[in-house]
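This document opens with one chain alone, in structure tokens, the form predicted on its own.
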């Protein structure tokens, strides 16, 4: 690596530095250089927090936490496909099929998103941040495997420009970019995000091979239709051997990712626990009244259905768009859980709920923090005795 570093520093870098032929593309070069090598910039004066956990390492830990959901999602894509056409194949064939279908979505996401990132970095002459490394992996995991690649590219460009760059870039966005991309696709192209056919590859690309009577409905779709007897078992929903978005089906794989995030201090355990508490509270409240079959579903079912677990671990804990204060995180997470179930049960036209709940609370997170800080200030002022005249 030392030889490669010397080659880049002496032969390549001078062309991108000031007065070089490619000086306008210096930020693009810098992005690739810092990806290969640790930056040599250090603080020398002033009061600074010195910590090895900088942005690149933080994003790297999130990517590691996403690996269980990604790998399981690839296998489940193949598993669901071969189940749909009635073929009995081994684990390797199932995984390879899923890899072949999911990998293009990941490539298109990174290619289109990084292109926009490099373009804005060149125009504004600012650094290319590592934030999109996570966004580029989250987006493929929250879409169906049948989504057209041009939609993936369009949604990614929309999320980077509208979700990040118009607010000033990484760290300034008020909405989670990956969820913003999914919301854009959900409302702009509803046919590709609703119905029973979009979750299984064979149902879109090989319908003539389907087994008679096969249904690719998700557990939430089955629940919304009132067919409770057709619901998957609790174990199937927990393990994730059910139709759904690529990375959202396996609660077990997502819990492994949650352990990585909490152990490394990247993900907020307060938000995760409060989202679960809010979901259980609202679910139990619905069970108490139970005026229809939807409200009779056990509260804990909602925790393992749809994108509840994935949103709780990877989306609600976004350190930029979530609440920043300790108390605010509890309030923020609890309301996400409550609103998710309200959307699911009261308005089953949007059976997922988690996406809209997180985006809604992203908007209110600064307001929550504002009132938490004001309350803390008032409490401290009351403890201060006024000086005697």
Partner chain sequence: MSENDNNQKEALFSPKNKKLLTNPLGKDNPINVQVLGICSVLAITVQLRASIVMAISVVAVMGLANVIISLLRKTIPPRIRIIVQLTVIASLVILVDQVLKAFVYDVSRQLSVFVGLIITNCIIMGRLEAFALQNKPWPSFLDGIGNAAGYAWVLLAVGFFRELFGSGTLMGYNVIPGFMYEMGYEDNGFMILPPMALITVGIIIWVHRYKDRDLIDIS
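Positions refer to the first chain, counted from 1. Remember, it's a predicted structure, so these values are computed and weren't measured experimentally.
Not on display, but discussed next: the form predicted together with the partner chain.
- The candidate spot formed by 124, 158 and 162 lies fully in contact with the partner chain in the model of the complex, as each residue has a heavy atom within 4.5 Å of it.
- Remark: of stretches 188 to 196, 68 to 76, 91 to 99, 292 to 300, the one touching the partner chain in the model of the complex is 188 to 196 (heavy atom within 4.5 Å).
- For the chain shown alone, residue 231 is not a contact residue for the partner chain in the model of the complex, no non-hydrogen atom being within 4.5 angstroms.
- Contact annotation: residue 166 falls within 4.5 Å of the partner chain in the model of the complex, judged by heavy atom distances.
- At a distance threshold of 4.5 angstroms between non-hydrogen atoms, residue 239 is out of contact with the partner chain in the model of the complex.
- Within 4.5 Å of any heavy atom of the partner chain in the model of the complex lies no heavy atom of residue 255.
- Between the options 201, 184, 286, 82, the residue in contact with the partner chain in the model of the complex by a heavy atom within 4.5 angstroms is 184.
- The listed set 154, 119, 106, 273 contains one residue whose heavy atoms approach the partner chain in the model of the complex to within 4.5 Å, identified as 154.
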